[in-house]
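Only one chain is included here, represented as structure tokens and corresponding to the form predicted alone.
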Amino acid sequence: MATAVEELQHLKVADHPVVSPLREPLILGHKGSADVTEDIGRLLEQSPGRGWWLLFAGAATLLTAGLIAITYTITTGIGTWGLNKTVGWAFDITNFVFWIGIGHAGTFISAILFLFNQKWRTSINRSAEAMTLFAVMCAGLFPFIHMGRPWLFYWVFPYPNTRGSLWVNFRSPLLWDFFAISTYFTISLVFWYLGLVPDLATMRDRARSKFRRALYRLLSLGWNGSHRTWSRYETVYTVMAALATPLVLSVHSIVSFDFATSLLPGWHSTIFPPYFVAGAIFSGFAMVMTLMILVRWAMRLESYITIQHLDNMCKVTLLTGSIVGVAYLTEWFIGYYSGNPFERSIIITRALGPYAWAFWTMVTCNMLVPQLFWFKRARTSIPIIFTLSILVNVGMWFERFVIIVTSLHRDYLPSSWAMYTPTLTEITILLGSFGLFFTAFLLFLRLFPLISINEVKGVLGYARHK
């Protein structure tokens, strides 16, 4: 009787490794190291197709419209928005919190999953990291505009000044947001760039045009691929991952303090920090799935971004979506159980008041829609995943809108009650932020490897018998 080893050796055909029956391979198609370099490198060396140019033209058009609206706002004043004496925060802060949340998945996928040795992250971490940077750039626009006098933005920097005793108000949420955004963006940028260096060296050696060769030579920092270089690189990368991990918890916790430290009914809730963090990862993973499905289809990367990757992301989305749902129920229960008539009034107003349509959109998209991921059929169907991921981000935008506007438009005094309706200028700025995001992401696809070549090579043997 043949032994198990003899059977495996017999099964090998043309020296291809045999796939383990216990776990599925992360990269399909029996790829070798040279295949990975060729497949990913070729995407940058090819001229962009008509589809890329059409998408880029659409994104650039939105960005241009947004810049015009921002210029109009700065030159005319915040009065171009639909704000009033009662609703002083609305679209701008809603969009700020929304974009900060989108950026959380990149750090989570790159840092936390790296530290927990989750090998399935290797095909998606590079694009998620880039998405983080672009989302934080979009988020930073809105507090900058909302300053009213954005040309004085440098006042928030903690530097010795000549203005006497005039200092920034360290109790201001605007200042907290500045430090949160700048810290998060800096660490994310360094972490993203550090992961790019080995791949930039690979592209440097493959580049044919003088511009690309010079660009990659400059950015690869003299990488030579020696054992010593790799050893130092892996040490630094691990340290950076450990430093970036607390940011997942700290940044959106600080953003939640914008609301939780107030005395406004519907805002001053101690559950906000963990609830906001879970919601940020929830919406961020949804955006990653949306982008990865589009990239997977457009660039024919089915061998690298597999159904298994999407399945794992769906499971994380299900977990964080369930946490968000429990946080909703906890918030409503505590508001009712407190016996505070103002807290109870806010809960009722949100569910049955003039913005009830936004509230129930939030509940449907954030509490009910993610529960479909309990079913494997939903987690393995590309059209279903794509649709649900978009619905999740629609729901998360409305969550921020509901928290901000419905807590403000009904003040303690009925005489000061007011409704808020966004103006065309505000809507255009929101669309412009999406234009900035997609313009930057499309340029990223043309300049840098969207999949980490060196990390994918490290998981080629996953699920194989050598």
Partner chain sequence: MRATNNRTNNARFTAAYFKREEDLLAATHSAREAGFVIHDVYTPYAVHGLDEAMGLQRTRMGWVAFAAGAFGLMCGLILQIWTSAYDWPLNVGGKPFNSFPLFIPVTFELTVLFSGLIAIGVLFMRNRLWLFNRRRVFERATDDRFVLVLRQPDASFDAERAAALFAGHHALSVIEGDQFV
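Nothing here was measured: the structure is a model prediction, and the numbers come from that model. Numbering follows the first chain given and starts at 1.
One more form of this protein exists, namely the form predicted together with the partner chain; it is left out here, but the text below deals with it.
Engineer: Going by a heavy atom distance of 4.5 Å, is F170 a contact of the partner chain in the model of the complex?
Structural biologist: Yes, F170 is a contact residue.
Engineer: Can you work out whether T235 and the partner chain are in contact in the model of the complex, taking contact to mean some heavy atom pair no more than 4.5 Å apart?
Structural biologist: Contact check for T235: yes, within 4.5 Å of the partner chain in the model of the complex.
Engineer: Given that the partner chain is not shown alongside this chain, does L329 nevertheless sit within 4.5 Å of it in the model of the complex, heavy atom to heavy atom?
Structural biologist: Because no heavy atom of L329 falls inside 4.5 Å of the partner chain in the model of the complex, the answer is no.
Engineer: With the partner left out of view, is L218 within 4.5 angstroms of the partner chain in the model of the complex by any non-hydrogen atom?
Structural biologist: Yes, L218 lies within 4.5 Å of the partner chain in the model of the complex.
Engineer: Using a 4.5 Å heavy atom cut-off, which residue among I305, I254, L388, L196 comes into contact with the partner chain in the model of the complex?
Structural biologist: For this set of options, the contacting one is I254.
Engineer: Considering T380, Q118, S338, T186, which brings a non-hydrogen atom within 4.5 Å of the partner chain in the model of the complex?
Structural biologist: Of T380, Q118, S338, T186, the residue with a heavy atom within 4.5 Å of the partner chain in the model of the complex is T186.
Engineer: May I ask whether P158, W230 and P246 each come within 4.5 Å of the partner chain in the model of the complex, counting any non-hydrogen atom?
Structural biologist: Yes, the whole trio is in contact, each within 4.5 Å by some heavy atom.
Engineer: Please name which of the stretches 219 to 227, 271 to 279, 69 to 77, 307 to 315 has residues with heavy atoms lying within 4.5 Å of the partner chain in the model of the complex.
Structural biologist: Selected stretch: 219 to 227.
Engineer: Using a 4.5 Å heavy atom cutoff, which residues in 115 to 144 contact the partner chain in the model of the complex? It's fine if the answer is none.
Structural biologist: The stretch 115 to 144, when checked against the partner chain in the model of the complex, contributes no residue at the 4.5 Å heavy-atom cut-off.
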